[in-house]
Each structure stands twice: as C-alpha cells, then as structure tokens.
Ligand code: PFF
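Shown next as structure tokens: one chain only, the form predicted on its own.
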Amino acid sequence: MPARETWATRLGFILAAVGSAVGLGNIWRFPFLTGEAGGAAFLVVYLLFVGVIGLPVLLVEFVIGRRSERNPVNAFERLGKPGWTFAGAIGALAGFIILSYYSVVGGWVLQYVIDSFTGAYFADPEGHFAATATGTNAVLFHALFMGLVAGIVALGIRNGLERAAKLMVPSVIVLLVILAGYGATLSDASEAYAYYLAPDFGEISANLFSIIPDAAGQAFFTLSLGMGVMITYASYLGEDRNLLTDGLTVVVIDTAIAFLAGLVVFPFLFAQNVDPGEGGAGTVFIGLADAFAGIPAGSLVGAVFYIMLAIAALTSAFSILEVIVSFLIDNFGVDRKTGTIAIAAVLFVLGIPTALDLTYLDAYDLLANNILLILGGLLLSLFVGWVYADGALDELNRGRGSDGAFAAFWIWTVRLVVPIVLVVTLALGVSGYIEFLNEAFF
C-alpha cells in the first residue's frame, strides 16, 4: 500500500479546507435559499447554525480524521469502533450524491462563462437557462466539469489539491470583493442591503420551522460537514496543528465569503427589479443574467462573476471526490490516477438524470443536504460525545496553543446541544422531503 500523503504546509491545508467549504453552496445555493426565505430572516438562522452547530461538528470531524488518519469509512475501525462504520458511510454516500448533481451545475457555470463573452443570455435569460440546464449540452459540460475535477485530484494532495487551493481560493475572494464593490455603486443597492441585512424578528418567529431545515442544510453544505470531507482532509494533518485555530479559521473565512456573496448577488437583482425569491436553483443564472444585461459593461461583469463561480465550484468538487478516492487508496492500494478516473466515470453516469430533468436535482439536493448531511453530523457527534470522548479530548488538546477549558465546553456541546438541535432539524427535513416527493412524483 502506498505511503499516506500529507499537506506540505498549514496554509495549504487551510486553503484546501476553505476551498472545500467555499463553492457553489456559498455563491449559487446560499443566495437563492436566502431569497426564498425572505432575506435577512434566513441569514440570521443560518449564522446561528454555523456558530452553534457548525464549528463544533467541524471539530468533531477534524478529531476523527487526524486521530484515525483514514477516510470516513475506515476511520472507525482504526479507532477501535468498527460498529460505527455506518456513520462514516452515510457521509460518504451523501458526498457521492451531491457531487453527481454538483457537477451538472458546475457544467452550467462553464457554459455561462463562455456565454458571457458572447452575450448569449442577454436577450432571453429564462429561455437561455432552460436550454442550458438540460439536454445534450448539459450532459457534455457535466462531463467537462467532472474531467477537470478528476484531473486535479489525480495529481495528489500536494501537487493537485494543495497547489490548486493556493491559487484558486484567493482568486475567488479577490473577485468577490471586486464584484461587491461594483454592486455597491448600483441603483437600489441600499434597498438590497436592507432586504439582506435588516431582519424582521417577527418573520423569523413565524417561519422558524420552515427556515430551519434549509438553514441547517446550507450550514452543513457550505462547511462540507456530514459528508466526510473534513475527516479526510484532517487525516492528512500533522500532530502539531491546533485544531481549534484551524477550525475557527475555516468557519470564519467560509462564512465571510457566503455573506459577501449576498452583498454581490442582491444589489444586482434589485438594480433590475428582479425578485430574489423567484428562480429557485436558477437564480444566479436567470436573475443575474437579466441583471447583467441591464448594467454598463454587463458582459464583462458577467464573465468575471461566472469565472469566479467556476473556480469556487471546482475547489469544492475536488474535496468531495477526494473522499471516495481516499477510500479506494486506503482499502485497496489502488493507484490514485486509476481510482480517480473510475470514480469520476461513475459519478458522471449518476449525474446524467439531473442533466436531463431538473426534478432530480431537487430530489438529490434535498435528500443529501436536509437529511443525509444532518444525519451524518448527528451520528458523528453522538460517537465523539458519548463513545469516544476521552480520545476526542486528547486529540483536541494536542498541538500548539490548545485550550483544555474550551475542549471541556466543546465536548458537552457535542453531547447535548448538537444532538438535540440536529434531531429536530432531521425530523423537519424528513417531513419536508416526504412532502416534496408527494408533490413532484405522485
């Protein structure tokens, strides 16, 4: 079996973890969910989930990954608890499902990068998206996106994932800042900021139980939680790293980028009187395409936006594919390139239904994000809090600058607060998914 790879630098790990977290979830999924939930009301609940649940669960995954030095499926056997292997398998399954449709959406982005330079979507944004999102072109660009992802992952941790992250993540941040600055100059930007940043707490109270599943799913999706990514990435970490510091860094940067994405998207939508609550998964394609058509230098601004979105989409896709490739390497000693190509091919086939019918995107998305990711996070938290607490505390307290007092607070949060919140969230997610299936398929 080949020697296990490691990150070359702490910066490389941080940027790769941030790159996993910063992707379509922040810039494609976050704005349309925020719009559907009425703006600032969703933002408040989402931020609460990130701080109260997201960070503790991220540390749960870091602890399991570094302690075991294995992928999420094999980690529990390495920790001496093979009966919990199913917990890691659920996360890996969620990531598998997510990447199958994520690649299709990534293909849309690649098409829009090209179309921005030709202005192809200006005349009829809604019709153009309908033609882009499904059919032969969608399948072909889904294949192209998956091929790009596989190409980087096949190069390995240091030469592929780490090098790509060091180049691509800063690029996303710089481009988002430029676009947010431009958005601030648009007409009605102040109204967009009020919609996005001024919460109506009465609205939050009235709609809390409808907001919770999407906000929780979004928090887990953007932080790459519950799908084994952070377990896998932490498995390549050295023992001297401070997990709390690294976890806080990832959460802060990821959340800041999601927040910044709202400062980009909503001013553009409001400038063209586009309702942020309309468009669903097509919001950043239909609504923003319409907005770009009506502003000065819209073609250039659109190109910059979709290039940035493509970079972000790729960095997240790398991490999900790495989980599955890592499993093959750890268990069967498969050559990285061979394993990567084989898994990418399977994921391409699994994603074809989404490329032909958008109903499958909603079906996959709700199942993976509102149910499987939450279930995965719940099981991992129960394992660390009640089954492996001593080992987890020992692991969290390793590394320079570790804080024993925080570790004690963290373990009780993982034992009590996280499970209670996630059980309620999971129940709401299952209920919503059953309702969706009845409406969509029956």
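Residue numbers run from 1 along the displayed sequence. Predicted, not measured: the structure shown is a model, and the values here were computed from it.
Omitted here: the form predicted together with the ligand. The next part is about that form.
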Residue-level question: is residue 222 within 4.5 Å of the ligand in the predicted complex, judged on heavy atoms?
yes
Any of the heavy atoms of residue 305 lying within 4.5 Å of the ligand in the predicted complex?
no
Should residue 16 be classed as touching the ligand in the predicted complex when contacts are defined as heavy atoms within 4.5 Å?
no
Within 4.5 Å, heavy atoms only: does residue 265 come near the ligand in the predicted complex?
no
Mind telling me which stretch in 64-72, 381-389, 23-31, 407-415 gets its heavy atoms within 4.5 Å of the ligand in the predicted complex?
23-31
Using heavy atoms only and a 4.5 Å cut-off, decide whether all three of 102, 316 and 320 touch the ligand in the predicted complex.
yes
Option touching the ligand, based on a heavy atom within 4.5 Å in the predicted complex, out of 284, 227, 153, 216
227
